[in-house]
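Here you get one chain, nothing else, as structure tokens; it is the form predicted on its own.
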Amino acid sequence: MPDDAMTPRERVLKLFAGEKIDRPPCFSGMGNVTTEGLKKFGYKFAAVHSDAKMMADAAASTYKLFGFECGVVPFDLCVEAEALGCAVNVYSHVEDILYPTIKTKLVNSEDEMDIAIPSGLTERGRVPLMREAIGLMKKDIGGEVVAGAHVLGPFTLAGQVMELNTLLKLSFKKPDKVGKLLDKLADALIIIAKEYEKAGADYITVREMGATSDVLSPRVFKTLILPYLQKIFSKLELNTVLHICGKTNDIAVFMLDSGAKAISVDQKNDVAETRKKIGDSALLFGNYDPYNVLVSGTTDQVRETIKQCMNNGVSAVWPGCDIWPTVPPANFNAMMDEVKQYRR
């Protein structure tokens, strides 16, 4: 196996800076806690969402156990909606792996869409907990790997604070009304993302999963979604990534136009085609299947998939979504080994 010429932290930061690196890094901007990491500390999955020390420990454990080149918090997708006023169920009495969900919506009808951003947003819900977790994680492993965080995109957050079906219908029937909501949500996301930045995050991923081409046309993405993503990225100073689920070949160029330093695509995307569309210099992260390959596949399938991602031109090996916690250690180790021995 070739010796790495750089530390994981150096590699990722040089990648974002556009400098030459020895090989693609293997990291993520989404959830990457594992049951192996939880076992290491004796933590229950439900408990880590509400405790900064537990969250930081669990996030750091994926690097410590497997060499994954980052730590990332939060683990769930409800932090922003909770801060805005939605009630969240963290399933505190459940032993199985269940991610927190929105229990009570903020907007229950079209007439309630003209929301106000609460004052003191940075101190509401679990935002202070995330600040603390980022700081603890950075203190623990920040000298060796990058510390990441994520927020939702405005459209995806809108689908959390109101019924998604209603949002989708109004996106076609009353785009101006939806746009006003997205503009306010973008402001809220900027506030929260800047808190993560101040807490020490090296990069932040904006997860606009709901704006996939599987649901919205490229035209709707360009006219309704893109302006508010551009608003967010124009206000952030740290390294940024835009992640969108599903088939994104038709909007890959628009994703770059958002102002994010890198774009992240999932396993449904044709990465080789995306690379042709966006050129060789753009940062493209992807795109292995974090469940059907990394969790359920054989080590040989993992190795072949990871090698194909790199051969198809990704700038970094990066999952299509959150890594499901029950990933077998042998598969995680196979992924990291395949990346470490790869040279273009």
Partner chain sequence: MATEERRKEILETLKNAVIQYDEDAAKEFSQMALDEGMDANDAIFNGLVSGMEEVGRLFEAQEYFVPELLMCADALYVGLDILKPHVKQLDLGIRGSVVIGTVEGDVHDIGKNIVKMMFDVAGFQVYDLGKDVPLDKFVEEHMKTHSDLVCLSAMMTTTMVGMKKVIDDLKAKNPDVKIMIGGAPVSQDIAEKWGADGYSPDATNALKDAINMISSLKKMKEEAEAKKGS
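This structure is a prediction, so every number in the text was calculated from the model and none was measured. Positions refer to the first chain, counted from 1.
Quick note: we don't show the form predicted together with its partner chain, though the next part is all about it.
Engineer: State yes or no: in the predicted complex, is some non-hydrogen atom of Trp324 no more than 4.5 angstroms from a non-hydrogen atom of its partner chain?
Structural biologist: Yes, Trp324 is a contact residue.
Engineer: Give a yes or no for Pro218: in the predicted complex, does one of its heavy atoms lie within 4.5 Å of a heavy atom belonging to its partner chain?
Structural biologist: Heavy-atom contact with its partner chain at 4.5 Å: present for Pro218.
Engineer: Evaluate Phe233 for contact with its partner chain in the predicted complex, applying a 4.5 angstroms cut-off between non-hydrogen atoms, and reply yes or no.
Structural biologist: No.
Engineer: Test of understanding: in the predicted complex, would Asn292 fall inside 4.5 Å of its partner chain by heavy atoms?
Structural biologist: Yes, Asn292 sits close enough to its partner chain in the predicted complex that at least one of its heavy atoms falls within 4.5 Å.
Engineer: May I ask you to choose, among Lys177, Lys198, Lys173, Lys222, the residue with a heavy atom within 4.5 Å of its partner chain in the predicted complex?
Structural biologist: Among Lys177, Lys198, Lys173, Lys222, a heavy atom within 4.5 Å of its partner chain in the predicted complex occurs only for Lys173.
Engineer: Quick check on this chain: which one of Leu164, Ile117, Ala87, Ala272 has a heavy atom within 4.5 Å of its partner chain in the predicted complex?
Structural biologist: Contact check passes for Leu164.
Engineer: Should the three residues Asp22, Lys64 and Leu121 be counted as contacting its partner chain in the predicted complex, with contact defined as a heavy atom within 4.5 Å for each?
Structural biologist: Checked in the predicted complex: no contact with its partner chain for any of the three.
Engineer: The chain here is shown without its partner chain. Which stretch in 93-101, 235-243, 126-134, 256-264 comes within 4.5 angstroms of it in the predicted complex, by heavy atom distance?
Structural biologist: Stretch 93-101 is the one.
Engineer: Output the sequence-ordered list of residues from 231-252 with at least one heavy atom within 4.5 Å of its partner chain in the predicted complex.
Structural biologist: Read in sequence order, the residues that approach its partner chain (within 4.5 Å, in the predicted complex) are Lys247, Asp250.
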